[in-house]
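Okay, here we've got a single chain as structure tokens, the form predicted alone, with questions on binding and movement later.
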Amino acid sequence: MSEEQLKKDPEKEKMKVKSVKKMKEIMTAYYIDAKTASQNGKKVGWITSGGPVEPIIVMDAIPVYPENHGAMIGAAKMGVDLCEKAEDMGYCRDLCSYARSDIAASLVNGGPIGGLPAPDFLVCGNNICGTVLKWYEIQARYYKVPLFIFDTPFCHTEFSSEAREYVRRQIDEYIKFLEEVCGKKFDMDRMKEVGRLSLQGQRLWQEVLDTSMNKPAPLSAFDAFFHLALIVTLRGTQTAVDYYVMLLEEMKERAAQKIGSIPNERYRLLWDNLPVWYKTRWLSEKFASYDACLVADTYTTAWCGSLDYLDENDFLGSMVEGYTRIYLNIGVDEMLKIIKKMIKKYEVDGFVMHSNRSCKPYSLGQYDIMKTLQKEMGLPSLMIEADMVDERSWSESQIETRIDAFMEIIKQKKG
């Protein structure tokens, strides 16, 4: 290799997000803590991504997310092997690939980190989908641990008073459940502090995402998929707040210096649905080859979508609406309102939708949304059919052809 090849490309180095290193350090420490929890007298609670995690933080237990683990499995390209193992166990291929890979990983300590630490209890919120109910029941039986189900009524358009009372009673039951499994009293003063940190972290995360309103965008949706980890796993902690303060400062500096997430940004796109974890780099580079940047997405935005409903002065009470009216627990008309706001906010030229074989609640209604956006806003849309973890549902030649055609339409439209 020549000396020139050995030298780092200064332009590429300048475009790298420096905070990535810190994120990796934090996540490594987090998983070490979780895997050594029993040695340190701490409890581990598995919880769904849309579940109310703050009370677990209050109890000084460590929340662990099987869905995050599924994303890691997908990114490490280990999904097919684990999904096939689950299918050999009798689980249908049509089931969520997060669920299949997690169930199989438990049996063989599979995945990029050698499996998750065994849980002391499980918390399942069905505000993201119905699959999690059976998934968590399976894992509760396998590990022989208690399971709490946090049931949230679907909000087609509004949140009724009956629904509010129903969910509020469950929060009281949830606290009692945690006191029993953790063997100590719930600290209401600590809850206030954790709630404050949770809201602060969510606000900071929204500010980070909003830096992509700049042109060029200093952060892409593909970057956001990576940096999302802390607002999910460590929401309600000082660690998450400190990290997003640092990341926000870096994004502001990049915006001021006109450092974009991709070189030569000309077209701005919006992404819908979960990432295709095993192809994020390929997709990023493919769109970048057309000078197109995915500047925002509905997925990472969902973790600050409850800010309108959460109250710092009554966080526990406001969790009722905050955890019920999340993106996947609202009707298509409500989703459409959010997407329209994002299109205007980030000034996007096109909409990319991942029709995700594994996530029916997220994918249901996408064609209606696409048709409405084309009719009312004249926005070109692209539908990519794939799966978030299982690579067997990926057809690269077909998707590449669709992207090429989509970008030609956008180029002609923009002139």
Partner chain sequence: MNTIRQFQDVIDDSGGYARRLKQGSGGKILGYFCTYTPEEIIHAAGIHPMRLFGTRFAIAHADAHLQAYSCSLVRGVLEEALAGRLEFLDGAVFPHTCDSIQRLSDIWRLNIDFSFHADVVLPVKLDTASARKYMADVLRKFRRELEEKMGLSISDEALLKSIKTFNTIKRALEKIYRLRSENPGIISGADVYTLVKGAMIMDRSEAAEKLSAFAQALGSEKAKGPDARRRIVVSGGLCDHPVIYDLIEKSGGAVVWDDLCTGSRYFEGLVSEEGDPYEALADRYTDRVVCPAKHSSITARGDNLVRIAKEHSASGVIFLLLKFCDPHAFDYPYMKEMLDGIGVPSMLMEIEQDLPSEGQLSTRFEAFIEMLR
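Predicted model only: the values in this text are computed from it and were never measured. Positions refer to the first chain, counted from 1.
Only in words, not in the display: the form predicted in complex with its partner chain, which the text now covers.
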Practice prompt. Using a 4.5 Å heavy atom cut-off, state whether residue 364 contacts its partner chain in the predicted bound form.
Written response: yes
Discussion item. In the predicted bound form, does residue 381 come within 4.5 Å of its partner chain, counting heavy atoms only?
Written reply: no
Discussion item. So, residue 165 and its partner chain: in the predicted bound form, are they within 4.5 Å at any heavy atom pair?
Written reply: yes
Worksheet item: According to a 4.5 angstroms non-hydrogen atom cut-off, is residue 137 in contact with its partner chain in the predicted bound form?
Response: yes
Fill in: Candidate spot 91, 95 and 333, all three touching its partner chain in the predicted bound form (heavy atom, 4.5 Å)
yes
Worksheet item: Pick from 255, 248, 133, 113: which residue has any heavy atom within 4.5 angstroms of its partner chain in the predicted bound form?
Response: 133
Worksheet entry | Option touching its partner chain, based on a heavy atom within 4.5 Å in the predicted bound form, out of 77, 185, 169, 337 | 169
Discussion item. Using a 4.5 Å heavy atom cut-off, which of 140 to 148, 302 to 310, 276 to 284, 186 to 194 contacts its partner chain in the predicted bound form?
Written reply: 140 to 148
Discussion item. If you apply a 4.5 angstroms heavy atom cut-off, which residues in 145 to 160 are near its partner chain in the predicted bound form?
Written reply: 147, 148, 149, 151, 153, 154, 156, 157, 158, 160
